[in-house]
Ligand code: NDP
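Next up is one chain by itself, shown in structure tokens, the form predicted alone.
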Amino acid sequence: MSTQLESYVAGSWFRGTDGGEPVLDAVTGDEVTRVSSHGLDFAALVAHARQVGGPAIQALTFHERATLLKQLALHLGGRKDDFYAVSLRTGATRRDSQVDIDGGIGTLFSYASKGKRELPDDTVHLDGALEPLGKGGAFVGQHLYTSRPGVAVQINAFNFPVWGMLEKLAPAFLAGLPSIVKPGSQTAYLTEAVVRQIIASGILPAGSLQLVCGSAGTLLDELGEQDAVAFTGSAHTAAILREHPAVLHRGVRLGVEADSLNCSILGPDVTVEDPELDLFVKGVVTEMTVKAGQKCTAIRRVIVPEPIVDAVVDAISARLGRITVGDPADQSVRMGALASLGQRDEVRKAIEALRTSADIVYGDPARVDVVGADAERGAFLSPVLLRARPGAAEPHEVEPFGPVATVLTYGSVHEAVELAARGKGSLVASLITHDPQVAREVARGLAPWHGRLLILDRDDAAESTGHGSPLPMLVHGGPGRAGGGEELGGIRAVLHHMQRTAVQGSPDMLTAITGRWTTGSRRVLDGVHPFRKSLAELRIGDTIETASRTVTLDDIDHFAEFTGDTFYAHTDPEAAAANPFFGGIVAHGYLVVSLAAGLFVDPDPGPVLANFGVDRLRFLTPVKAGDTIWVSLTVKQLTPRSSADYGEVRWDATVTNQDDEQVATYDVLTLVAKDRR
């Protein structure tokens, strides 16, 4: 490892010019490297992102960006062992490293998949349905998302040097934004190792990713109205950032994930014999000891029913007693060191503050037995469990960012919810109960105060990902004290980086802008059945208008007998006549759709390979015996698949009767060969 970390700026590696500050091995106390951003040209950093990175990413479609994220995930996954070796020096065990490194790579995979499945093969994403703005259909509105010509800056905490970077990078990249990463200095050497691999791979376009090791300097001074900052760290630093002129006066969007006094509540229905008690105890101990409790989602407050508090304290203490602390390279060790000696000092101060209104029932903050290392040179600390005295305030105000939790008791479900709410907003809470009514009452009470809730019992425990694991598809963030920000949550995080705009115009203009056929815009009838065209030959707006067919009573009777759908509206004239919606026998909706397919399908082999779905099906006007129907089928959206010799075609289908009334509308989804077969 280099004697001094380097930043990656405008396509080159840069070393601070002042020698830097030492960064120590969390386990041995030896110097690992030095870190400094002194002399870094922050104006050039931001300009390179805007002028090189942004245009290069935005020249790609969502699907092309997703493909690169998958390639990057595969590349980094092949080098995990190298990252694990570096991660040991941060105090992380193998399990801790998997949470950080594998978790980050898994997030890349998740966004690569979601980008392909949930976003179009385009650079514009539509939001919601078309809005008619005039009676004749000539003036319509559509909300859409486009990429901003800005920069996504991430200022990360020290505890997740890999996941913290990749979970922000993936959605920003999909959204078309270049990223500037500023990691926490204590563990920045692991972030730098990963960034070096990313840059060396050449997978991402130039300017997509830059790195600042050391102080953020004047970085925020260079930002403006199209830029965003995602901050993970202390509430104190977040408050400083909120007062920065770039945020106050220049419109820089700031997302914050700050302090969080997460809780776990044991339901009042749980007894000492129930499996839920063991699940609760395991969850608390896991969250206290994974990453040595240095997780923004770790359990800080353990809220239990008063009648069984002694049993719970004993069970947690017994399980903590089996946790070995020491050198994470030793396979017998279950909890490594904190990230730095300074961090250990901070946690000890927090424990002393908690002792104002709580008593230590397990552990000694001043002493710990350590395996394979020096307890004082390394940043080691014993897990510490406290029990709050009645009326304690400190557990709801002090966050010990380490292997520390405080037990509090409650007498009613209402009181448990009130205790949880005293944290003033948290990232996550868990409730362990097997009673659905308890779950409903507590969940409704906790939801306004939390970004995520885990309801755990014997039924879902085997598949549960645990209290403290943010998932790419679920939102990560929380109100109030937790910062008010929101990350992840699947495509929500991508759209958060983009600009939503309401566009008004004619249907033809909306089709041109969005790349998707808009109801009311021009249809192309060229005499060639669209099913005879390959994906390469199809164009948005290509249409077939079919011949008509008269629906008979025999058709309705046969469909009822053949399918077994003998609902009275199709089979009982007297009952159907009394129905206020029908006034007599009507055709099955699915009979109408089946007859429509018979009208528009070209039966011969050709480019169309399969029908894989129907979306947005609505039956608008009942069809009675003697009614005549016809179909208009129009190419609505074309989506090539880069990994196959076919793509997806979305067709707008409208079934109309003899009175020009719409009978049914829906989207038909097909797979079509890219070339003629």
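Given the structure is predicted, the values throughout are model-derived calculations rather than measurements. One rule holds for the numbers: they count along the sequence shown, beginning at 1.
Another form, the form predicted in complex with the named molecule, is not on view; read the next lines as being about it.
- Comparing 256 to 264, 594 to 602, 304 to 312, 98 to 106 against the named molecule in the predicted complex, the single stretch with non-hydrogen atoms within 4.5 angstroms of it is 256 to 264.
- In the predicted complex, the named molecule sits beyond 4.5 Å of every heavy atom of Gln142.
- At a distance threshold of 4.5 angstroms between non-hydrogen atoms, Lys182 is in contact with the named molecule in the predicted complex.
- Proximity of Phe280 to the named molecule in the predicted complex falls outside the 4.5 Å heavy atom cutoff.
- Although the partner is absent from this view, Phe380 stays clear of the named molecule in the predicted complex, with no non-hydrogen atom inside 4.5 angstroms.
- Ile155 is the sole member of Met335, Leu72, Ile155, Ala152 with a non-hydrogen atom lying within 4.5 angstroms of the named molecule in the predicted complex.
- The partner is absent here; in the predicted complex, the one residue of Leu427, Leu431, Leu169, Val404 having a heavy atom within 4.5 Å of the named molecule is Leu427.
- Contact residues in stretch 211 to 234 (any heavy atom within 4.5 Å of the named molecule, taken in the predicted complex) are Gly214, Ala216, Phe231, Thr232, Gly233, Ser234.
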